[in-house]
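Below you will find one chain, with nothing else, as C-alpha cells; this is the form predicted alone, and questions on how it binds or moves follow later.
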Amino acid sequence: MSENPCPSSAFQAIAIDGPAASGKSTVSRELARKLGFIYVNSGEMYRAVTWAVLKANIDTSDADAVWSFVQALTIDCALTQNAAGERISTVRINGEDPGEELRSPEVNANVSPVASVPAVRELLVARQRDYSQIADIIMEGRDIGSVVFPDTPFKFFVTASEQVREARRRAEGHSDPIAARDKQDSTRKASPLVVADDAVMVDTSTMPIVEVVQLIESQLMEKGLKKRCGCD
C-alpha cells in the first residue's frame, strides 16, 4: 500500500455493516466524502477474488480448490486518486483491474460461496486491516464491526426491510432473492453477518440518504470522532 502523507497520525476506522441493498454503500461513500475519509468497500475485495476464481474456471463450491488458487494470487489493495481528485481504494488481481466485471451476474451469483471460505476471509481481513495503518477510513461490509475492526468505537449496522431491499436490487438489475442471500451471509461459519454488540442500528427503509448520513455523522461526533486538518 502507498504511504500516507501524515504517517504519524492515529488513524480512525468507521465500520458500517449491513445486508445486501441496505443502503450501506451509498451512505458510506457520501459520509466518506463529507468527512474526507477513504471509502473502502470490503465486498469488492471478495468480488475481485471471485472474478479471478471464475476466470480460472474453478468450481466455487469446492472450498479446497478455491483456497489453493487464491493463495497463489497477487492481490494488490492500494489507494489512488480518481478523476475528481479524491483518494479511493482499489483492488488488482495479478496486476489486472476487474473493473465493471465485479458487478457481473456471474460474480454476484458466486461471491457468497467464495467469501465463505475461512482461509479466504482470513487473508482478506488482514488486507482490510492494513488500510487503517495508512488513512482514516470508512469501511463497509458484513463483518467490519464484528471481525475486522472490533475495537473501533465507530460501528453502525445499516438495514432496511426485506421488501425495500428486494425493490432496490430489482432497480439495480439483479434478480437474486434477498432472503437466500441473507441466509448465506448470516449462517456461514466464517465471519457471519451479525450486529456487533455496540453497533448503532440504522433503518434506511423510509429515510432519505441525506438524513441517514446526517444521523450517522451526528452519532460519530458524539462518539468522539476527530475531524482532520485536511492533510490526509
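Counting begins at 1, following the sequence as shown. Note that the structure is a prediction, hence the values are computed from the model and not measured.
What comes next is about the form predicted in complex with ligand CDP, which does not appear here.
Student: In the predicted bound form, which of the stretches 200-208, 46-54, 63-71, 27-35 has residues with heavy atoms within 4.5 Å of ligand CDP?
Tutor: Within 4.5 Å of the partner lies stretch 46-54.
Student: Only one of 93, 135, 158, 111 comes within 4.5 Å of ligand CDP in the predicted bound form by heavy atoms, so just point that one out.
Tutor: Only one option qualifies, and that one is 111.
Student: Quick one: of 220, 13, 21, 213, which gets a non-hydrogen atom within 4.5 angstroms of ligand CDP in the predicted bound form?
Tutor: That would be 21.
Student: Residue-level contact is defined here as any heavy atom of the residue lying within 4.5 Å of ligand CDP in the predicted bound form; does residue 176 satisfy this criterion?
Tutor: Yes, residue 176 sits close enough to ligand CDP in the predicted bound form that at least one of its heavy atoms falls within 4.5 Å.
Student: Does residue 169 make contact with ligand CDP in the predicted bound form, using a 4.5 Å heavy atom cut-off?
Tutor: Contact with ligand CDP, yes.
Student: Hey, in the predicted bound form, is residue 87 touching ligand CDP, heavy atoms inside 4.5 Å?
Tutor: The answer is no: residue 87 has no heavy atom within 4.5 Å of ligand CDP.
Student: With the partner left out of view, is residue 103 within 4.5 angstroms of ligand CDP in the predicted bound form by any non-hydrogen atom?
Tutor: Yes, contact at 4.5 Å.
Student: Are there residues in 132-168 with a heavy atom within 4.5 Å of ligand CDP in the predicted bound form, and which are they, in order?
Tutor: Heavy-atom contacts to ligand CDP in the predicted bound form: 140, 141, 142, 143, 144.
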